[in-house]
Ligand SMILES: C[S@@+](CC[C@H](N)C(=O)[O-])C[C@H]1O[C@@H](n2cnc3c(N)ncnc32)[C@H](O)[C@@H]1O
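Have a look below at one chain only, the form predicted on its own, in structure tokens format.
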């Protein structure tokens, strides 16, 4: 992280500050997204990251880390998309990846639909729980951030691994404790769990971890 503690005045400045410079076309699309997000956020609480430094150091960095775990042309479901992180950001920085968004809260789903239309992205948005979508559609991976403890994620996906593929979820310093909690409840019997990627998040005293979960008996994706 840069020693410069002054607030970034532009998205480009923040991307450079946090070591994540992006091509002009992607940066311009991210600018359109963050403008739309912050405008909607005035009337609907979708994010607390309402300046460029927080948006980049939390939302963009996390989304880049998840995008790095995806193979070309994969199809993913963003579970509990909220304001569109990581799903919309991944759709912008990885246009080869086919992203589907879902949120069980109607207002959030409608807000995401409005942003998707504004950004002219081909990204479906569902006002449903992920488990309901997985009854009918199949994906290579389910991704999420700050949705629920691992025990809840595993309970929700139980019985849906054929259509979910694998789970990629961002966790913090307690991720091993979350695994233990899930194991204690018998929720880890049918799955493999590992730390797929670890990275520093500016302002946090512990690294962020992408936890990968997939069904036992299947080759690690």
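The model shown is predicted, which means the values in this text are computed figures rather than measured ones. Numbering follows the first chain given and starts at 1.
There is another form of the same protein, the form predicted together with the ligand; it is not shown, and what comes next is about it.
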item: Binding-site state, shown form vs the ligand in the model of the complex, superposed, 3 or more atoms under 2.4 Å of backbone or C-beta; value: open
item: Triple contact flag 85, 128 and 146 to the ligand in the model of the complex, non-hydrogen atom at 4.5 angstroms; value: yes
item: Contact of residue 52 with the ligand in the model of the complex (heavy atom, 4.5 Å); value: no
item: Exercise: residue 94 in contact with the ligand in the model of the complex, heavy atom 4.5 Å; value: no
item: The ligand contact in the model of the complex: residue 99, any heavy atom under 4.5 Å; value: no
item: Residue 142: touches the ligand in the model of the complex, heavy atom cutoff 4.5 angstroms; value: no
item: Stretch in contact in the model of the complex with the ligand, which is absent here, among 67 to 75, 134 to 142, 99 to 107, 114 to 122 (heavy atoms within 4.5 Å); value: 99 to 107
item: Neighbours of the ligand in the model of the complex among 54 to 71 [non-hydrogen atom within 4.5 angstroms]; value: 59
